[in-house]
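The chain below stands alone and is given in structure tokens; this is the form predicted alone.
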């Protein structure tokens, strides 16, 4: 299995191509994924089956159209937003069913709890290394952004060692202040915020969906069964869409203080309301000033974002 997230292939060109399949007011990531999948290039052209886990109405619509767009089987899973025991049981049962379906459809010879446990241990080792690097501010923002992208697609067995070796061989980044970035996921090519913070000589602490929020859970795994792993990740999920989502705010407050951040940038995507609707609560509760950026992949967006970030950093200085 290779992880191909909705983030992959995110670009203005793919977003335009994806409007043949999705509504124009859909999330830019959803439209970009549909456009990239229809082209069948890169990672999107190397798929034998999709495991399509949807977390909102827009991803649900996207994944329902995947079979039509790509002529490749899609196995659907819903990640419930409610944090209840019933929702956890439902999610675990879906993951167990998925493993059985993959075997019955000939995509696997059988599920190995030993292989799964070994993979999970390596993944959490890589996550621990990446968290240490991010919290210490050892990499410049653009390199840190790439490191988190690697975490999502690379085999974890070599990733921890690679990250540790790369950091040891490079000159530590010396930022003038620490700025946290939270909110929706940032695709590999969506590097405006990291690039602008780097140009300003600032250390970035990524707390959002494509940052430290996605590296959990961090405890040592003890079971490789699909149901146990599903419950682990369900319980550890910290997303704005969760109901209740108090742990999201507690996580942000705690990590902002731990990392000694001077400010928080809340990066949201146009037509994706999961984080944007929480902007006022975040402004009220955070112990540092908050800049809310509602972004898109439209040409010229980087200049507008740059102007707002520059003004925000000046106000903190």
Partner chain sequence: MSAAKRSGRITSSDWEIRIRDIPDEYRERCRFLRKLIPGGVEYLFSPYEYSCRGDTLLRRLRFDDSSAALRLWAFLFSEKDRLFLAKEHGLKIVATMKDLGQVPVITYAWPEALTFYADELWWAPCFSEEPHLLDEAARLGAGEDLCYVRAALGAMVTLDYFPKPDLCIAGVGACCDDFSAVMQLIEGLGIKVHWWEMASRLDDRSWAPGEEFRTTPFGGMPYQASAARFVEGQLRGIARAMEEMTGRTASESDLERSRTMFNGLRSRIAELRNLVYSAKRPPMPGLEMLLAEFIGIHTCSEPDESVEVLDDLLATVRSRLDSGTSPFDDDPLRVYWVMPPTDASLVTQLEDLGACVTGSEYMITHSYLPLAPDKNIFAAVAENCMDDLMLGSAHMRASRIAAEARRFGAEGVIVSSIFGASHCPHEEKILVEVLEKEAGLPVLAFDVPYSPGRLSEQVAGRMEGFTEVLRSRRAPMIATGFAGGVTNPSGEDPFEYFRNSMAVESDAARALKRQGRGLVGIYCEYTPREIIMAAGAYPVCLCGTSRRTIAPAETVLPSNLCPLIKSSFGYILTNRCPFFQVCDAIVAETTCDGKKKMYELIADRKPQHILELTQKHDEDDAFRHWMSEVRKLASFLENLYGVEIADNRLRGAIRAMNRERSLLNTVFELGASDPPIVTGVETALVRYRLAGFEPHLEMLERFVEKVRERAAGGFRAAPEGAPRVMVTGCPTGRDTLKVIEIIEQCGGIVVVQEACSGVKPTEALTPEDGDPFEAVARKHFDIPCSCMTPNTGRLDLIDRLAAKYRPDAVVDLVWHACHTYNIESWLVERHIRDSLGLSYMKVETDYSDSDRERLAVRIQTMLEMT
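Numbering follows the first chain given and starts at 1. These figures come from a predicted structure and were not determined experimentally.
There is another form of this protein, the form predicted in complex with the partner chain, and it is not shown here; the text below is about that form.
**Student:** Given that the partner is absent here, state which listed stretch (196-204, 124-132, 95-103, 209-217) has heavy atoms within 4.5 Å of the partner chain in the predicted bound form.
**Tutor:** That would be stretch 95-103.
**Student:** Counting any non-hydrogen atom inside 4.5 Å, which residue from 152, 235, 112, 81 sits next to the partner chain in the predicted bound form?
**Tutor:** Among 152, 235, 112, 81, a heavy atom within 4.5 Å of the partner chain in the predicted bound form occurs only for 81.
**Student:** With heavy atoms only and a cut-off of 4.5 Å, decide whether residue 22 touches the partner chain in the predicted bound form.
**Tutor:** So residue 22 counts as contacting the partner chain.
**Student:** Looking at the partner-bound form in the predicted bound form, is residue 90 within 4.5 Å of the partner chain by any heavy atom?
**Tutor:** So residue 90 counts as contacting the partner chain.
**Student:** Looking at the partner-bound form in the predicted bound form, is residue 64 within 4.5 Å of the partner chain by any heavy atom?
**Tutor:** Looking in the predicted bound form, residue contacts with the partner chain include residue 64, since a heavy atom lies within 4.5 Å.
**Student:** Taking any heavy atom pair closer than or equal to 4.5 Å as contact, tell me whether residue 30 reaches the partner chain in the predicted bound form.
**Tutor:** Contact check for residue 30: yes, within 4.5 Å of the partner chain in the predicted bound form.
**Student:** Mind checking whether each of 58, 76 and 277 has a heavy atom within 4.5 Å of the partner chain in the predicted bound form?
**Tutor:** Heavy-atom distance to the partner chain in the predicted bound form: all three under 4.5 Å.
**Student:** Quick one: which residues from 238-258 get a non-hydrogen atom within 4.5 Å of the partner chain in the predicted bound form?
**Tutor:** Result: 242, 243, 244, 245.
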